[in-house]
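This document starts with one chain, in the form predicted alone, laid out as structure tokens.
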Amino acid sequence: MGRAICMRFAAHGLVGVLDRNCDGARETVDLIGAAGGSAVALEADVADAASVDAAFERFEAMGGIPQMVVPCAGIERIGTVVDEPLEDWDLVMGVNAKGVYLTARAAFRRFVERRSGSFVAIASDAGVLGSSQYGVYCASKHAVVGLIRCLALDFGPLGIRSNVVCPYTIDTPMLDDFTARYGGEYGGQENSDFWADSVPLGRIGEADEVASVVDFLSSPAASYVNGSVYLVDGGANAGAYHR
């Protein structure tokens, strides 16, 4: 998902691709370069404040100006509060919630100086609804939605916009990892029909479809959109649905 979003930003100046996986970041940089854009890889851990701050400083030292920031790192674990390992709470909350918070801290310090900027976080439909055995994951994504709403209130008066996109099941490496871990409970590792059948549109979403919404929210076309929660879910959360 992050790669598709970065491709959308290729026409907006230097793009900073922040990732713990530096090889993955460089792959994204190469894709942006091939599309005619300019990008730099910034190795960093979003759950570590010093690492995030250093990445922003490196980006600026290379001539980058943070104008549109999209935190989209995420991990997923399932289980109830009885059977899920306690360390899963720290791990998931550290990346999914704290990671967005730390990225916001670094971004908004720069936005405030210029009195402009767009911050679009990637959460999940799990940020607006509960789900069985998803206590930790849902808590982390609800935290992101709450944070974005507060950012919209705190910084909207300065002309800085904050929004959050909440996708349902999207065809990404994270989905592949999830089905490898928990495929037996969710239709089998090879059975993508399990997910498609839960969506009125009848299919899994594509990363570029999420990127299109992020691109809109970051653009002048969305200049009056602030504090919004955008579901990108094929209608999965419109109500009870059974194929």
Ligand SMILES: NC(=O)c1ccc[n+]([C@@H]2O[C@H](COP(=O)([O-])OP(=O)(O)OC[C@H]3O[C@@H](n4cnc5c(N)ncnc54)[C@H](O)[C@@H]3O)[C@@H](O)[C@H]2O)c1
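None of these values were measured; they are calculated from a predicted model. Residues carry their position along the shown sequence, with the first being 1.
There is another form of this protein, the form predicted in complex with this ligand, and it is not shown here; the text below is about that form.
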Ala44 near this ligand in the model of the complex, any heavy atom under 4.5 Å? yes
I'd like to check something about Ser124: if you look in the model of the complex, is any of its heavy atoms closer than or equal to 4.5 Å to a heavy atom of this ligand? yes
Taking the shortest heavy atom distance, is Lys141 within 4.5 Å of this ligand in the model of the complex? yes
Does this ligand come within 4.5 Å of any heavy atom of Asp233 in the model of the complex? no
Residues in which of 82-90, 146-154, 160-168, 108-116 have heavy atoms within 4.5 Å of this ligand in the model of the complex? 160-168
Identify which of Ile78, Ala73, Ala97, Ala104 has a heavy atom within 4.5 Å of this ligand in the model of the complex; exactly one of them does. Ala73
Single option in Met174, Ala35, Ala196, Ala54 placed near this ligand in the model of the complex, where near means a heavy atom within 4.5 Å: Met174
